[in-house]
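Only one chain is shown below, in structure tokens, and it's the form predicted alone.
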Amino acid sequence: MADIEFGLDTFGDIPQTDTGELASHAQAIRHVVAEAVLADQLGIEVFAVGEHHRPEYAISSPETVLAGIATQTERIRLSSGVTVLSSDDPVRVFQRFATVDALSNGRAEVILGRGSFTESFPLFGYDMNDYDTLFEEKIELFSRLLTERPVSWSGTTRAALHDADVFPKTESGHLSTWVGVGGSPQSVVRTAQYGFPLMLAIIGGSPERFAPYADLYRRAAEQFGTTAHPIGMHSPGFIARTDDEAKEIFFPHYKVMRDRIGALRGWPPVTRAEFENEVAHGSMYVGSPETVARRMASAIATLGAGRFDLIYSAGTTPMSDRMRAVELYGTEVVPLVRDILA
């Protein structure tokens, strides 16, 4: 557990400004850059930005935001969380992240996923009936592109490649690549088959429920003869000086976001009691630094995880509160978790 890494994850949620108004998309993007700069100064290992194509979120192009962050930071690794590979082109994804890798002096990484939302499919002209085939073919192509040698490939979802050389190359010859999985055993096995690190998206319920997936990944890697990398996990949370303060700041903004998404998926509105139960027993890390650190350490130990990324932004949570949460995460939560696990 001594080598545990800690990251922060955001989708570029549109926050409230200090005047109580909603930020513009442009303001929200600039604020994410400022949060990443602070995370870098605090020594947090990873900063990840997710891809969404909805009005509540400002980031649709993670690598563009990461390129901006790259020029203002020195140490922190810069990741997507996730890149929706199914509705993108693997060649362009590699090129864009290789460019971020150059701008950051080798700090770029990509987390590939199928995404928890589907807006990108019609937006870019993909058929949802091809949902599984799109990801299966494109991750196979991406795995070949990572060799940084000429690639020949054919499939049904894009034009074939014939001895195609793709540029730019990374300086190190290696682009760090993970796969984000939300709970599909088939996806866990596929990740192990390609030898990619596994990032578990644990956004509800007890983290213990995901222990079988961690075990499946390790067993599958052994059977495929690939490397079982340290597992990552990412979950939502929020930190303030006290438990009550954290919950009172976080819940109203979380509820609006959760109910809006839930209405599209047939979920009933979330209640305060359900929220409190998730904070106490589930995968929502909301509270004081001590409370959040204790629960994070327990989840990390349960899964034998090597990395924990906290999704620190939710809905319209004010900019100043988000920035304070980032500061508390880096200065108090992370050191406390390291002490507990040691």
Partner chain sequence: MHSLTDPKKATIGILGAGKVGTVLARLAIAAGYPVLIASSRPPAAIELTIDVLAHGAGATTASDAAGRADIVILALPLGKAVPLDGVETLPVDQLRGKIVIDAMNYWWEVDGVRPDLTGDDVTTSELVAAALPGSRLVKAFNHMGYHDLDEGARPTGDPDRKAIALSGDDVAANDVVADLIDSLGFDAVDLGLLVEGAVLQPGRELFGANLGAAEIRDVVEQAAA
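Numbering follows the first chain given and starts at 1. Remember, it's a predicted structure, so these values are computed and weren't measured experimentally.
Beyond the structure shown, there is the form predicted in complex with the partner chain, which is absent from this document and is the topic of what follows.
Across the options 262-270, 230-238, 78-86, 141-149, residues that bring heavy atoms within 4.5 Å of the partner chain in the predicted bound form belong to 262-270. Listed residues 172, 154, 242, 116 were compared with the partner chain in the predicted bound form; 116 is the one with a heavy atom within 4.5 Å. Taking 250, 97, 210, 178 one by one, only a single residue has any non-hydrogen atom within 4.5 Å of the partner chain in the predicted bound form, and it is 210. Taking the partner from the other structure, the partner chain in the predicted bound form has a heavy atom within 4.5 Å of a heavy atom of residue 128. Residue 105 falls outside the set of residues with a heavy atom inside 4.5 Å of the partner chain in the predicted bound form. In the predicted bound form, the partner chain stays beyond 4.5 Å of every heavy atom belonging to residue 226.
For residue 205, a non-hydrogen atom is located within 4.5 Å of the partner chain in the predicted bound form, even though that partner is not displayed. Using a 4.5 Å cut-off on any heavy atom, none of the residues of 43-63 reaches the partner chain in the predicted bound form.
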